[in-house]
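A single chain, nothing else alongside it, follows as structure tokens in the form predicted on its own.
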Amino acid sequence: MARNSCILVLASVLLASIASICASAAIFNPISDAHRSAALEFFSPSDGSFGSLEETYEALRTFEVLGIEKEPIIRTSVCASVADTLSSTSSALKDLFQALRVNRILKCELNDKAFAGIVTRLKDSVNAANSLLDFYHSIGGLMLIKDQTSEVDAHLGDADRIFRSIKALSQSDGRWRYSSNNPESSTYAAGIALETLAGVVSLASSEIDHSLVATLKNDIMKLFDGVERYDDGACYFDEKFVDAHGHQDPLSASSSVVRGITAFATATGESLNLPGDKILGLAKFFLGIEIPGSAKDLYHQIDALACLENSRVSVPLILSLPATVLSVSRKDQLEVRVNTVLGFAAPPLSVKLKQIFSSGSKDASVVNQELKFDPERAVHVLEILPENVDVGKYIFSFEISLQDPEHKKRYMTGGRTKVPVYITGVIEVNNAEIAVLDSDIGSIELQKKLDLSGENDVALSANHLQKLKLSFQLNTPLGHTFKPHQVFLKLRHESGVEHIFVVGNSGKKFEIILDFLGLVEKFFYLSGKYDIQLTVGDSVMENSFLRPLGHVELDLPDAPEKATRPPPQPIDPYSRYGPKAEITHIFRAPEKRPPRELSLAFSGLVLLPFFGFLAGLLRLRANLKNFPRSTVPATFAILFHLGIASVLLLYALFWFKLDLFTTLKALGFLGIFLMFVGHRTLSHLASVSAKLKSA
């Protein structure tokens, strides 16, 4: 129980410290090779295809953003599917839209006549649309055709009316409805609507009424007023609406909104004046997911980050640390990288270390030190840590400053970035002593020095009227007192019963005194040898150890009749299911056998009556007239006699070589064979006998 309680207390302390750090700071890393490996694993073509056209586009779009070459492998089969879908008059609007999206990436060989027929159908669908998805697929298809060919006119003549028809589905909070018949609003639908309206602006044959664009910009601001935020600065859009399309999680909803606002900003060419911290928070949300658990989630993540990378809104810059664990003993250097969300190089900038917060303290030390930029490795380096940084957990606050004023309009740094950093080091263990004290006056009966960095094997003895004292000091590389998370002293009886004690600290010294008089019941009055083991450990302590110190012989009084007995010790599974002791068996010596010549002579005497029987048959002129003379009956008769001879041979083999099971198996097959040929032989003899009697 003591051991379990210590572990629970330690776990709660560790979780509390980690939670306090993570609540205020977090590490966000740009897209890396791990995402490319995940994409190759999630999007694996089967028979030259990724599945449906929608799944194919998601795979190709993910590969396109990550720079993975996969087109030649699936190009033939996918282009054939695209051509069939676009040429079919029965294809749904969604299928046409997905086929055109796939064709934008693969650039399949399609003629302009095919596009002309599709444009007419899509324009008719726009005029007859009564739901947001119909508008989205029709206008999105026209946008794709406009980008893929200049020979077909995909422009919309009545763009203002279409814009107002779509805008009528908006809600006061910035969210949108899927249709006028559905009163429920959706964040995911808002992203689709913004992307659709961006297409209307791009396809308009004349300029859209500016008041409509201004109203929509106001709706976007309302939508961003409802963004959710984590403690680490990550922002996301939640989705509570559930319809026939299923529930959209925060990842898909946030990705839809990002696609919508970036498409609308690109189409209008105007600034949306969105809060920069929320744009950076969305980037942190997507990056904080790290590697998603499904192919669709990976597509939403990568596509949204690609939109932020190339948007006219704001391009977020991500500060990351290649290593968040630094050793003061090895004099590690602090390195900082600043990249775009997709991992590309950032514009010229400087990084300053502004403040350092110690774990568990609200006070911060002001540093204001600029990091040196290494152009070869594209990292900012802090060569020497500040003097007041010792072993422990810290939060480093960095500030990014862009050098070009024009870049400040395009890139978003988000002010100060807080990152958790762990400073480790080798802890010095000094003045380690173990002693046996007299219980009355506390005088030292026996005292020995310990070398906690090496091997120890002290031998102590004590009775229930004495005490055991252990003390030592822990110092950091800078000479400060170090307080680790784990300091345990364990005494293990030779019967397997263990007792664990937490070693407390008083000032600069760790010390524990075990009064055996008060522990006799806890020790179950068990006298004998107790092994002593000390555990000292911490996540920032490079030389954590679990070290045996020796043993102590305890002489405790006899247990009273009603004393608590020690708990049964768990049985070692290796002793129960492990290898057993080898069993040695001496077989009985074989009995003496007769000489070989005598055995052969006896075998000859046994066979002699058989040969005599054959000779007697010849001598007595045995009647063989009933032996069949026709070919088929004679064959069965010969096989019957051969079968009987085989049975006799099998008996002989059983006697000399075969075992019982093999013999019975062979005898079973021979018995079936004999029954068949014997029945045919006897049937022939019976028919011959019946003919003779009738004659």
Partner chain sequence: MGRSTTSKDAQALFHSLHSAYASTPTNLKIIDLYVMFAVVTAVIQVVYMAIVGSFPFNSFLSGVLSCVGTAVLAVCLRIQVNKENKEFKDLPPERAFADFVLCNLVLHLVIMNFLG
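Positions refer to the first chain, counted from 1. Only the largest set of C-alpha atoms that superpose within 1.5 Å between the two forms is called the rigid core. Small disclaimer: the values here were computed from a predicted structure and weren't measured.
Omitted here: the form predicted together with the partner chain. The next part is about that form.
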task = Go through 380-388, 594-602, 139-147, 562-570 and give me the stretch that gets within 4.5 Å of the partner chain in the model of the complex, heavy atoms only.
result = 594-602
message = So the partner chain isn't shown here. In the model of the complex, which residue out of L667, A38, I27, L66 has a non-hydrogen atom within 4.5 Å of it?
response = L667
note = Of A128, A581, V366, V606, the only residue with a heavy atom within 4.5 Å of the partner chain in the model of the complex is V606
query = So in the model of the complex, are I644, F654 and L682 all sitting within 4.5 Å of the partner chain, heavy atoms only?
reply = yes
key: 4.5 angstroms heavy atom contact with the partner chain in the model of the complex for Y577   = no
query = in the model of the complex, does V677 have a heavy atom within 4.5 Å of the partner chain?
reply = no
ask   = Any chance L617 has a heavy atom within 4.5 Å of the partner chain in the model of the complex?
value = yes
key: Exercise: F640 in contact with the partner chain in the model of the complex, heavy atom 4.5 Å   = yes
remark   = Within 77-100, the residues having any heavy atom within 4.5 Å of the partner chain in the model of the complex are none
request  = Determine, after fitting the two forms on their core, whether A128 shows a C-alpha shift of 2 Å or more between this form and the one not shown.
outcome  = no
ask   = After the core is overlaid between this form and the one not shown, has the C-alpha of F42 moved by 2 angstroms or more?
value = no
request  = Examine A637 after superposing the rigid core and state whether its CA is displaced by 2 Å or more between this form and the one not shown.
outcome  = yes
